[in-house]
Structures are given as structure tokens and as C-alpha cells.
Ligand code: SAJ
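Shown below, as C-alpha cells, is a lone chain in the form predicted on its own; questions about how it binds or moves come after it.
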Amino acid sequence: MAFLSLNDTEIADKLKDGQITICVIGIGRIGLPTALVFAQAGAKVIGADISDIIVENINNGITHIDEPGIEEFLKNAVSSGNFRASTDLQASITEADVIIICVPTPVDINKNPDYSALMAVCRDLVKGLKKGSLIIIESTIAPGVVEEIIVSFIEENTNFTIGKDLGIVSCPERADPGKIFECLKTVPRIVGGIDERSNNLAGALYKAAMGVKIVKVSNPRTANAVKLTENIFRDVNIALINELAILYEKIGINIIETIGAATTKWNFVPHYPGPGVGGPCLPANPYYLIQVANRVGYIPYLVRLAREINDRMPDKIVHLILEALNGIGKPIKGSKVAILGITYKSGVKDVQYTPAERIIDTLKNLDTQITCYDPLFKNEIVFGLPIEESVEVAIQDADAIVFCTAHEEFKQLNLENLSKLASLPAVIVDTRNIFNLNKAKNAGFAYRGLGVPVS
């Protein structure tokens, strides 16, 4: 089927009847749920990936993604015949009417965007594309990458003209790990096409499959700017709160109490301090825009400074640990430090750019004894350390207990029971402000919270 020959009113019926074939390239945390939602809506979906193991497991109904509800989605999609996985990217592209690209676009060691996976897909695209196909870029990229790199590459390596023979749009993913299926069905999609036809058809496709509001913008570069703006907004505001937390702690003000009171004004958007910013998006996305700014001769000072502040937060936490141990007369060297929570976000089994890794590495260099516990990684090896099977095992004889992630399990802990296991005097360093200062003191702990004045 030449997808571009359809009009937007035909798409819902053809999708429901299984007449539209979609190839989703990159079946990771975002790509696989996206593929499964389209399969649920009736499309014939091919999940293309370079990993033989991932493809084999998925075709056997086994998922490598830790996401609520994904096992049931995968089972239903495979059993219905609407979904299969393949490592043959070129053949999958040729078979598809719509190609959705969901490959990772991280930053490298020098903080430059790494588009190598995206360009590898483009090399397969030009070998397998058929006239009338629609290409959708969900991967996060800098404004201008579609127009200046992808379109140029396709047109230079095929006989097709984008906007005439092929359509292309940016529709950046906006899902929240841990709630991806919910987000896919509720969060409006930003669609920015190279031309009006691409825009309308892509919008109709997402509307038919997911039932969400479609927000059409002028072009791909604007759609990509929306995604970066959303994440940079969060990164900058988290940096602001982290900076205020450090300052307020020094002048005797509790940051959490302050934020709570500030939320009573209609135009205040609450953000909370923490040990740093992790995950695949926030630590990386600002650098996409910084690179573009450098290219056009502009310096985004605030964006750069926010990144520096958040990147320094793990060092601030190590300093808190040092101060806390000194306060009870224990040296950092040789002390046992229990790290509770290693994921970048509560309830999500993901350690990409997690601040806990930097904290652990620094503590290793200070010759501390480190134990770790995270309910999502029990009995696994992460960062070269065994993750204990329980909180109790991790904190046995600990001199310091450091909460790096606010998992729900931690919020239910009884501090008095923990104090019986720790090596008193012991400290709690609470980077997420899970506990109350007075409750920790009553349980026998010295307490240091991020943005909480020293008692």
C-alpha cells in the first residue's frame, strides 16, 4: 500500500482492518510498547532490532523491558498475529507502509549527540524504502537533524524526493518510564511533518491507534524543539532547586517546607532536590541544543550552568556523607556505607546516568566498605557490586545509610528497627527527603537531608 496515497479519513478503518503494516525500528523501552500499541489497534507490526537475542525472546513472548503491563501486551500481540520481531531491517522496511524509528541517541563522553544508530538505520532505509512510505522519527534529536541530515541522506542515496515520493515527520516520544502504556494512550502527540500531507497522515495514524490529542507544528525542527524544551525546562528547574537546597541548608531553612508553602501560589511549579539527574533524557537532551547553539554562534548560559549544577550533585552527596560521619566521630575510610536505591527513578529498573553510580565510584576511591540494596535489582551485580537481597542485609553494621532513590518500599521502613541493625552511632543521609528529621533522631540516628538544616 502507498501510505501517502491515503487520505486521513481512511486511516482509522484501514488500521483496524489490518491493512496497514508498520515497522518499528528499535524495540527498546519506547519502541516495543509503541509497536505493541499499534498492534493492539489492528496494524500488522514488525519490530526490527539488531539484537538476535532480543528478537528471539520477543517472538517467544519474553520481554527484556521492565514496564508494568508489557507482558500481557506482548502476549496478546504475538498470539493475535499482529506483531513479530525481526533482525532483517531492510526486508522489514520494504514490507512496511510506515517506518517508525525509535533508536537511542545518547551523548558521547564529550557530551556530543551520538547519532550513529540513527545513521545506521538511514543506511538500511535507503536500501529498502518503497515509494509512498511514511517515515516517523520518534528518537530524540536536535532541531534541524531531520531536514539537514536525514532528508539529505535519503535524497542523495535514492531516486525519491521527500515530500513527493516519501513522507517524513518528527513525532518525539513523550512517555514516562513506569507509565509508558498510560502515556501512549493519554499524552498528546507532537507531530511536525516535512509537508502538510505528511503531517496530516501521521496525525491521523496516531489518533486512530492511540486516541490521543494531536498537536501539529510547522515542521520537524519545531517538533524536536518541543521535546528538548520540555526536558530542559525540568533540568533547569531541578538545578535551581538543588542550588537553593544547598544554600538554604547553610542558612537554616528547610527546602521541603519552603517548596510546600510556595506551591500555594498558582504560578509556582514545584520541583524537588535530589542527588543528581539520571535517565536517558534529562542528562543528555540539553547538549543537543547546546551543540546547535554553538553552531549558530550563541551561548545558552543558563542551560549549560543547569547541567553543571546537576552534574555536581553526586559530589555534594558524598560531601554530606563525609560531614555526617565526621559529626559522629567516624572517618570515611573503612566505614561501612549502605547505598539504598541505585536506579535513577523510583519504581523504574533503569540505571542510565543514575547519580548513584557516581556516588558509589567516589566512595570506592575513599576506601569505604559499600553495600547496596535496590528492590528492582535483588541478587544482581551492578556497578561491580552485589545487590543484597534485603534492606536488612545491606545495613547490617552500617555506619551510614544513604537513600539515593525514593522507592515505595523505603518509605515504609521502620527507622527504629533499622537502628537495631546499624553500627550506632550511625547516620542517615537522605538525598530524597523521604524521612522526617525528628523521627530519624528519635530512632537513634544522626540525620542529614538534602536542603535540611543541621540540627
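So that there is no doubt, residue numbering starts at 1 and follows the sequence shown. Computed from a prediction, not measured in an experiment: that's the story for all the values here.
If you look for the form predicted together with the named molecule, you will not find it shown, but the lines that follow are about it.
Residue-level contacts in the predicted bound form: of C102, L340, V277, V337, one residue has a heavy atom within 4.5 Å of the named molecule, and it is V277.
Of the listed positions (Y206, Y344, F83, Y288), a single one reaches within 4.5 angstroms of the named molecule by any non-hydrogen atom in the predicted bound form, namely Y344.
Shown alone here, E173 lies within 4.5 Å of the named molecule in the predicted bound form, counting heavy atoms only. Using a 4.5 Å cutoff between non-hydrogen atoms, P177 counts as a contact of the named molecule in the predicted bound form. Interface residue remark: R189 is not counted as part of the site for the named molecule in the predicted bound form, having no heavy atom within 4.5 Å. For K227, a non-hydrogen atom is located within 4.5 Å of the named molecule in the predicted bound form, even though that partner is not displayed. From the list 344-352, 128-136, 327-335, 214-222, the contact stretch for the named molecule in the predicted bound form under a 4.5 Å heavy atom rule is 344-352. Taking the named molecule as positioned in the predicted bound form, the residues of 226-260 that bring a heavy atom within 4.5 Å of it are, in sequence order, K227, N231, R234, I238.
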